[in-house]
Ligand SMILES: Cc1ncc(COP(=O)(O)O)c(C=O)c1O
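A lone chain, given as structure tokens: the form predicted on its own.
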Amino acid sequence: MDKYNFNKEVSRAGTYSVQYEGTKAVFGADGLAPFWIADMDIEIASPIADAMKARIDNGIFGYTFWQNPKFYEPIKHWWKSRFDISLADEEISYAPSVLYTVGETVRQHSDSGDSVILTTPSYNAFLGLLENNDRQLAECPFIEDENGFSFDFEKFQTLCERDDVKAYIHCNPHNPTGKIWLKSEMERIREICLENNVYLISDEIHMDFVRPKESFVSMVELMGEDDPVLVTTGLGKAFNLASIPHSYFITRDRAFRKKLGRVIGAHGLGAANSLALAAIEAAYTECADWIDALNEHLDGNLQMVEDYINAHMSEWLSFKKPAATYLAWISFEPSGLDDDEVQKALVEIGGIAVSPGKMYDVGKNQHFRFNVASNRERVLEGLKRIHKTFEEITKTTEG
């Protein structure tokens, strides 16, 4: 019997889950099977639950500071044992969230009207972040072919040379495509950014979903002393703690590290989430085998998606299993159907909520994002709903 049961049925009823109770507001229909937002229908690891319960049992949740060994040591242990990267205490700082860190770094290194590079398709919150902060999108689209997604270095170089471009938001591994960046790609990206005074922000929130883990190369590994480079991450994705606000960032840019710390304090956000601190210690010291087992489960789910599409839907869909994340970025380009038509049919015929590709792009792109982080039977049910959708919609189109 497996040590961990990732196929356990878990109810989220009454928890005000965005994935379930927020679906109607986004997709406009009741009763949809939700496979859209990026959290997991999987219980957290028991050492994390036990650590947070123990903290709750103390009964007092006053202001808490994070500058202590129980914050630094687990993080240093995780990065050394998982990625063979040695960190110093002063390189690590707590922050309220990954998106806050990305947004504040953008705000501190650019002015209203300036441009920021995103690799598209892009995590949709980055697109919203630029719009809400009056920054312009400098789009660097991936080149997609049968081998996956490659980076357009010529386009990136041209964008970085523009006077109005002040920052680049890197996503590693990439959401939504699941691309794992090669060390050679990242070295060249860093070099171009340094040459053109473009601040490099690397969101590595999905770093623990790289299979095998040795394939992951963090931008931290390439950082030089005082490089204008910042890496931000946390436990929200890998350990399913998205509703426990926290993150941390790593930088060797000493001046900006101090400045960002002052800004966080000035915004009244300097105190740490005490439950998050308990979770970090437990996750990073007791849960390595749990995350390894979870990755095996997710890889199996993604393989099932690829196999099912090849067996039943290859005339309409194409998908190649990524070696990272739990997000299937599925193309329906072979169907020849329109983005809006497909999204409408998935809701009305399939009764399924998946994230439409245009959420992650500046235009239509004939993809949707399907979250497989749940039990295998539920993923299969989602695939059947997608199958039903394309069977019906293509009959209508052909008729």
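In this text, residue numbers run from 1 along the sequence as written. The structure presented is a predicted model; accordingly, all values stated were derived computationally and were not measured.
FYI, the form predicted together with the named molecule isn't displayed, but the following is about it.
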item	value
4.5 Å heavy atom contact with the named molecule in the predicted bound form for all of 38, 97 and 175	yes
Contact segment among 314-322, 200-208, 273-281, 67-75, judged by heavy atoms lying within 4.5 Å of the named molecule in the predicted bound form	200-208
Option touching the named molecule, based on a heavy atom within 4.5 Å in the predicted bound form, out of 126, 329, 181, 249	126
The unique member of 223, 171, 189, 298 whose heavy atoms fall within 4.5 Å of the named molecule in the predicted bound form	171
Contact label in the predicted bound form: residue 237 to the named molecule, heavy atom within 4.5 Å	yes
